[in-house]
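This document starts with one chain, in the form predicted alone, laid out as structure tokens.
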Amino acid sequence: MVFSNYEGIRIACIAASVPEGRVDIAAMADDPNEDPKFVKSFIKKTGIAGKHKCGMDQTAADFSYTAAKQIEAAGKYTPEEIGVLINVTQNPDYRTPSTALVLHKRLGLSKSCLAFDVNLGCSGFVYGVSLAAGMLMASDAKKALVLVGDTLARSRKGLGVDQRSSNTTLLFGDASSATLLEKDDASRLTSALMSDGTGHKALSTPYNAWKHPVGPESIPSDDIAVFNFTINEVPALVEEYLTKLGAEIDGYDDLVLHQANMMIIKNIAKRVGMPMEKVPVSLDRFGNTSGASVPLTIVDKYGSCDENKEVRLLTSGYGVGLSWGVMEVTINTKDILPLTYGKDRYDDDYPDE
């Protein structure tokens, strides 16, 4: 593992945003156009009974923008204070430029702020925060925004693109998050990151890019390989990370895992010795929201909390790449903002024809 220690850096605020549109997967079992056995089996295996899905007039960047503006409205930063903007997504608005630069413009950030995209999926929160923390520590920038979001549920039906399989159509939900980092002499962040490119085909979207310009909108996956990877590699990294810190799993208020499916979540929790009552779950209502699932789950549990208390969270994201990571997050619940339902839309004046 690559263990990183970021002295003098803290997570100052977390926000998340989802579309207003909601899909009730459980209700599909009563739809005459659906296979009720398949729907019920899917819910039983994954734990996903609903999710949020945006329309064609919104992108992941819109929900990232909403979450970032929520943090600004809470008085946590001014646009001039942001020196680093990292946007982690598998669904950029354009091939070029980076969507981070579009968000830089929309958020009114200064020319002294660097901005770029990172193409990562389910490990995106841990990787993105680690990158931002390292850049803050090594520079004169004082604050950073890490935006993580995907719209994997967004349909392209009617655009001449083949749809995904029924399983993946039900699996993914749309969501974005914003995390504010800042310098604070009394704080520190630590993370452990790993990757294994030999597993890049286990979860992939190989078509409609430069290598294969034409093809179906599919996500070929090796479910057995992915399951074995998550229940073996992730617990092993958690244990190695805790050993490095000299920490115990029961010293954390929660273990916040990427919301892949309930089977994976329960297996990881069992293997690291964390009881399920300390493993918050959001996928039942939001689906698998890729890199945003960890911060979304934190917001889902604590965003409406009226208590003024500090919580110590152990977080882990894992998936596409293969890539995975672990990070400890210590934050006051007053700095975890309530969930928002994003209504923002960006008109770039480009014609769709």
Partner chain sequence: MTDQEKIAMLEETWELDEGTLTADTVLADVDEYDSMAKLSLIVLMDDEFGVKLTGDVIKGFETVADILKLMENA
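Computed from a predicted structure; not experimentally measured. Residue numbers count along the first chain shown, from 1.
What follows is about the form predicted together with its partner chain, which we do not show.
**Q** In the model of the complex, does every one of 138, 143 and 334 come within 4.5 Å of its partner chain, counting any heavy atom?
**A** Judged in the model of the complex, none of 138, 143 and 334 sits within 4.5 Å of its partner chain.
**Q** Have a look at 244-252, 208-216, 68-76, 227-235 and name the one stretch with heavy atoms inside 4.5 Å of its partner chain in the model of the complex.
**A** It is 227-235 that comes within 4.5 Å of the partner.
**Q** Scan 281, 276, 114, 263 and let me know which has any heavy atom within 4.5 Å of its partner chain in the model of the complex.
**A** None of the others qualify; the residue that does is 263.
**Q** Ok, 106, 188, 271, 200: which has a heavy atom sitting within 4.5 Å of its partner chain in the model of the complex?
**A** Filtering the options by heavy-atom distance leaves 271.
**Q** Using 4.5 Å between non-hydrogen atoms, is residue 119 touching its partner chain in the model of the complex?
**A** No, residue 119 is distant from the partner.
**Q** Looking at the partner-bound form in the model of the complex, is residue 41 within 4.5 Å of its partner chain by any heavy atom?
**A** Residue 41: yes, in contact with its partner chain in the model of the complex.
**Q** Check residue 184 for me: does it contact its partner chain in the model of the complex (non-hydrogen atoms, 4.5 angstroms)?
**A** No, no contact at 4.5 Å.
**Q** Does any part of residue 223 reach within 4.5 Å of its partner chain in the model of the complex? Heavy atoms only, please.
**A** Yes, residue 223 sits close enough to its partner chain in the model of the complex that at least one of its heavy atoms falls within 4.5 Å.
**Q** Are there residues in 36-59 with a heavy atom within 4.5 Å of its partner chain in the model of the complex, and which are they, in order?
**A** Result: 37, 41, 44, 45, 46.
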